[in-house]
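The form predicted on its own is given below as one chain in structure tokens.
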Amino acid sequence: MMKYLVILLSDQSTSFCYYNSSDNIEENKLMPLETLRNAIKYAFMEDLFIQFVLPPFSLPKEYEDIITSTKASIIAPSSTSYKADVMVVDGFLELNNIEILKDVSYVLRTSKKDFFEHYEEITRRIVELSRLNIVLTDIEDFKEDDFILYKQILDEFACCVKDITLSGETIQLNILTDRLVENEMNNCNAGCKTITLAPDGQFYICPAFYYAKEQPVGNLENGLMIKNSHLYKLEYAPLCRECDAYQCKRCVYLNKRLTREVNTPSKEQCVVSHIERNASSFLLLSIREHIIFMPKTEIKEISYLDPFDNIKNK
């Protein structure tokens, strides 16, 4: 059963995940006001929580009035003046030029090159943040050397978060601390619990499917029509349902693009997620050397990073 309706207010609505919202866009098209009103009505009738995704420019007053009068969360680029629940930052240059608001969650979209060259900026500013989600936009390009470097960086993050935790502060960093508090898969769930309405009035599995010009999966008039909808559920993902890298996004868009199957992840996505899982274990044990910390949480040691290798060796 769907729980969330993501509404892209414009063709230039900010990306908060792996995809680029500027790809394949021929014009800046706002969602018609009538479509927006019908979308809110649809969400109300279907008991869906709304997430508005804003573009990097001011919206007409009629749109602002609707947004502010609707119970919803707002995702916006950090370059706007809107008061949003989630602010999206594109790259470290932008991160260094914004004022951090304590009650806002931030998404940092970055390439692996940008991340590897400037990750120390995160350790410098992390104490200012209530929550930071890091999204590596070219995860499919990771090579063996990148995996090694990523592990080293996460171990540095773990030392930083350990010191902050021991000082009495709390930090939320998706690639490190989410695994500490999850006891089951908590993925993106696009196509299963979340659906997207694009400016053209059509439903898509997620924003990435719209920008990639994939086929829509329904509309406001006729409802959802997702072909093989069971494939988007965790129980129909053989590798993922046995995995305990609970923080993994399990991105169905990346799955389809890299493996051609929405329920089959790529090696890169799996290995990165398991490196994060192991870094969370290292963080947990590091803090426990000093204080009693999350005594009921255990992250068991594993001997593999790619779960497919584990299956082959059984």
Partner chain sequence: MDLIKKSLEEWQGGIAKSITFIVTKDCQLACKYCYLVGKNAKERMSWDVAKKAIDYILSHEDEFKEESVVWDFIGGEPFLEIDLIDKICDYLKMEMFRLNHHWFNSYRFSFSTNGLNYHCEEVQNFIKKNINHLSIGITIDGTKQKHDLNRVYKGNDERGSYDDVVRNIPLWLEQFPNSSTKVTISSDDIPYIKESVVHLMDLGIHEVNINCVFEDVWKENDDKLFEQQLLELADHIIDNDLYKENTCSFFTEFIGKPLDKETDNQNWCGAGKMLSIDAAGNFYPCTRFAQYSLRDKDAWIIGNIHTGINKNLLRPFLTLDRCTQSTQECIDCEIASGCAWCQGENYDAADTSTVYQRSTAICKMHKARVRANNYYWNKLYNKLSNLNAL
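These numbers were taken from a predicted model, which means no experiment stands behind them. Numbering follows the first chain given and starts at 1.
There is another form of this protein, the form predicted together with its partner chain, and it is not shown here; the text below is about that form.
- With the partner left out here, its partner chain still marks one of 79-87, 117-125, 230-238, 189-197 in the predicted complex; by a 4.5 Å heavy atom cut-off that stretch is 230-238.
- Only one of Ile275, Leu36, Leu258, Leu284 lies close to its partner chain in the predicted complex, with a heavy atom inside 4.5 Å, and it is Leu258.
- Interface membership of Thr264, defined by any non-hydrogen atom within 4.5 Å of its partner chain in the predicted complex, is confirmed.
- Heavy atoms of Phe308 reach within 4.5 Å of its partner chain in the predicted complex, making it an interface residue.
- The closest heavy atom approach of Cys270 to its partner chain in the predicted complex falls within 4.5 Å.
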